[in-house]
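Only one chain is shown below, in structure tokens, and it's the form predicted on its own.
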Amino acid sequence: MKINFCAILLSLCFIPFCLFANWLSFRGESGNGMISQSLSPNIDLESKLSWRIDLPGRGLSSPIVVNNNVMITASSGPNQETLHILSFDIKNGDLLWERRFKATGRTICHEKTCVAAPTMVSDGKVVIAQFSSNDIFCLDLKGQLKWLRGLTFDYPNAANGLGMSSSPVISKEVLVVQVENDAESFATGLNLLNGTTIWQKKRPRGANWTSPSILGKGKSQLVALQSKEGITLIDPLTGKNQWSFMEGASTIPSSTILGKIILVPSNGITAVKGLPGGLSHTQLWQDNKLGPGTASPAISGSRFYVINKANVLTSADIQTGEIFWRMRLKGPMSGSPLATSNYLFIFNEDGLGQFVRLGKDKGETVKSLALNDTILCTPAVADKSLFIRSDKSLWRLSE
């Protein structure tokens, strides 16, 4: 058998573009803050691979990374009516493309938040950007518009006077969008190819900033919708309810999923297991001392890490809820932590990064990094680097 070495070498030339581990959605592809890639706590502003670029407007949305593209949203203008979607080169921060749109829905927000609050999502082929104005845009990786939806035209009363920040997810080629507010609350499934509505369902009225989560894989995959009433698992293809946990839940930190276990921010934290499949479940434990503040919990190995309203970080067992250790961080926190097997990464609202070694019996801050700007978002991870944004800037922090 002859081997075409030229063809092999040619194919190897394209490998670097695929070596970047993607970060396709809010809190990573698993949606639970777990970093499966390599990330050192020695990342710094002064590294030759690090960079900082200016952004054209405000934003709380997290970056996402697709191949060599770092993508982010922003909003600008007197009423934040100009919506920006931007893509930067992962290596040097050069602007690859920018698209600007005008909001069709309401742009009223609390002064702390803004219209560019939801995080983008991608399936690796297209990217979806949702804004608090209920405008949704689908673009290809070169920035060409595929479709758009102004949901306010269909649901004119869907608005929240404080602003909305729920980030969409993609499941079974369906974009699942959660729009929960004081008036016309709903969730909808949109066709990823053309943006048409596949299903729409009413949701509990009330301001809600949580994001959908994905449970399971393949054909058994379900989407978890969280509200003040609890958790509902739906079929992403039809929107039909498959299971519910109706003991109430937070409307700020989202649920965290690992395998068949859901950590629900309810009565502190309630852990349920056994879904999907037969759709029966077992409550593993409940502990009101583990309630999160604003940040959603992060997973690392068999433990989870939660930050409460007093900025205390707690390490606990996923299966039992047993608390191993606590330590106080410098807060306040709005973004959620990310964790490797050995380290946790979190930025507070003053822009102070705190990198914590996750020991068996204690946690220890091994490095602090001051970006000196207000940071309210959750970081992203790719190419052994951390990507973090403020209202003014986007950083790549490398070792």
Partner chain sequence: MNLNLIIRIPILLLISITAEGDVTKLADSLIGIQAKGKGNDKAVQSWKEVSKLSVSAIPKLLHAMNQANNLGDNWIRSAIAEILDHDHSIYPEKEIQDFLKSKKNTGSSRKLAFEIIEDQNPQLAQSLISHFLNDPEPSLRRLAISKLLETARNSKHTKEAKILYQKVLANSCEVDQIIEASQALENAGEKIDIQSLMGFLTEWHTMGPYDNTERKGFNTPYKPEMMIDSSIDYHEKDEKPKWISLTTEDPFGMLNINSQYGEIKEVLAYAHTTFNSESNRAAQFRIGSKNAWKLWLNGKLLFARDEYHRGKTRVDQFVINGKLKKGENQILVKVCQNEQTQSWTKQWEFCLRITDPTGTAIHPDPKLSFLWPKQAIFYDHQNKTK
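Positions refer to the first chain, counted from 1. Everything quoted here is computed from the prediction, not taken from an experiment.
There is another form of the same protein, the form predicted together with the partner chain; it is not shown, and what comes next is about it.
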Okay, which stretch from 239-247, 85-93, 145-153, 289-297 lines the partner chain in the predicted bound form, with non-hydrogen atoms inside 4.5 Å? 145-153
Is there a non-hydrogen atom of T104 within 4.5 angstroms of a non-hydrogen atom of the partner chain in the predicted bound form? yes
Is there any non-hydrogen atom of D123 lying within 4.5 Å of the partner chain in the predicted bound form? no
Using a 4.5 Å heavy atom cut-off, state whether L162 contacts the partner chain in the predicted bound form. yes
At 4.5 Å between heavy atoms, is N194 in contact with the partner chain in the predicted bound form? yes
Please determine whether each residue of P78, I108 and E111 possesses a non-hydrogen atom within 4.5 angstroms of the partner chain in the predicted bound form. yes
So which of I170, I261, I252, A207 gets a non-hydrogen atom within 4.5 Å of the partner chain in the predicted bound form? A207
